[in-house]
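In the form predicted alone, a lone chain appears below as structure tokens.
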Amino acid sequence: MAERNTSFNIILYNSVAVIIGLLISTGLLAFMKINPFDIVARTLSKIFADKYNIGEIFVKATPLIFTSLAFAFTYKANLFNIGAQGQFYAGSIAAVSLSLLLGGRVPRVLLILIVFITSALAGALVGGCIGIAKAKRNANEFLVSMMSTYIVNAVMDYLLRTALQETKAEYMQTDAIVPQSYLSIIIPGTRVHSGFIIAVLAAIAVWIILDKTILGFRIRAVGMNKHAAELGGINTKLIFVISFLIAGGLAGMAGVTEINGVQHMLLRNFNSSIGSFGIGIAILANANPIGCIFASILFGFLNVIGTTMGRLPGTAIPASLVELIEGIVMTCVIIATALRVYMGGKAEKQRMKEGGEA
């Protein structure tokens, strides 16, 4: 009964937070002397009238599923993986390097399999270093994971100036990968690729690991009470490393979905907010892997709304509105989560007080 009430509270608080965030966003349009009702109606009409635009929702959601899972997985162990952006970049570097090297030389299915495995390993390498720092030195994983993003970003910039720079050496980007390296399109007339299916399967796999396996039980036990878990014979240091290894691998695979599914090349600072949005999505989903799928689709929808608004004829809506809308919604969700935790703690104290008096 208590678990059902908790789930209801999570859905209620987050739903209200999303609605408030959207209302604030429409208020910004009114502040810009733009009729929000007219703009929203025209935007939704344009999105749902075109299969391509609908497909973009799932294209945008695909890497977000992976980065939100990267945060959610460690969060179950009461750890904070703020470095999904760096792990995503590590996976992207591996994906583009192998695609340029092997594209057209090995069968497509084998190439995609190799790219996914290698990108996951690249992300896991970054994540594993964070886990080891936490396990061996009790380092603050929040700060270490955040700083790891700057390190990977610097390595990526170096490679884009040297070994991976495009043939003409004019821009900080790679050459385009060959079409044989692309992820397969699963809905004709759109850009929806097989990476979305892989992301959904990854979310289901993470849910199974966390809820149905011994490893998942140990991760959740460490998250609930590290000291009690140690007394129960659980190696908490090993759990720290494993959690960050898996989380880094998940974020690394997001790089494949963007390089081989959408961008088809590596650009400097591309998708620079994908890690931070993954955190907000995981919080919105309460770190539930299945919830991450739907929360990512919601954020993909918000992204498409913002982009479509900016392209409407006769309007002067800045492109930055896209991230502003998502940022407002994310902020409202985080505030709602903090409020829910505070109210839950207050209610628990009241129950304990009443129980003591009884």
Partner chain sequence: MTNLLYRTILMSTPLLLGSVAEVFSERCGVMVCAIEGIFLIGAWGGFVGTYLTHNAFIGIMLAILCGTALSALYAFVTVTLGQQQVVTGTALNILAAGFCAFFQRVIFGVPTSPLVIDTLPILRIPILSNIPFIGTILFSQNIITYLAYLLIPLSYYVLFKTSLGLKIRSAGENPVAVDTAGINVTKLRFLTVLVAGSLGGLAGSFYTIGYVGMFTTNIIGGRGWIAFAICFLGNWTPYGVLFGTLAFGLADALSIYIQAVSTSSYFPREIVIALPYALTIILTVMRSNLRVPAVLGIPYKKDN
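Residue numbers count along the first chain shown, from 1. Take the two forms, find the largest set of C-alpha atoms that superpose within 1.5 Å, and that set is the rigid core. Every value quoted in this text rests on a predicted model; they were computed, and no experiment measured them.
Keep in mind that the form predicted together with its partner chain is missing from the display, and what follows is about it.
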Answer key, its partner chain contact in the predicted complex at 4.5 Å (heavy atoms) among Ile39, Ile297, Leu28, Ile54: the residue is Leu28
Answer with one of Gln180, Ser276, Thr118, Gln173: the residue that has a non-hydrogen atom within 4.5 Å of its partner chain in the predicted complex.
-> Ser276
Residues in which of 245-253, 89-97, 188-196, 132-140 have heavy atoms within 4.5 Å of its partner chain in the predicted complex?
-> 132-140
With the cut-off set at 4.5 Å between non-hydrogen atoms, does Ile283 touch its partner chain in the predicted complex?
-> yes
Taking 4.5 angstroms as the cut-off for heavy atoms, does Ile151 touch its partner chain in the predicted complex?
-> yes
Could you confirm whether Leu110 comes within 4.5 Å of its partner chain in the predicted complex, counting heavy atoms only?
-> no
Evaluate Phe73 for contact with its partner chain in the predicted complex, applying a 4.5 angstroms cut-off between non-hydrogen atoms, and reply yes or no.
-> no
Its partner chain in the predicted complex reached by all of Tyr158, Ser320 and Gly327, non-hydrogen atom within 4.5 Å = yes
Displaced residue check between the shown form and the other one: Ile334, CA, 2 Å or over, core reference | yes
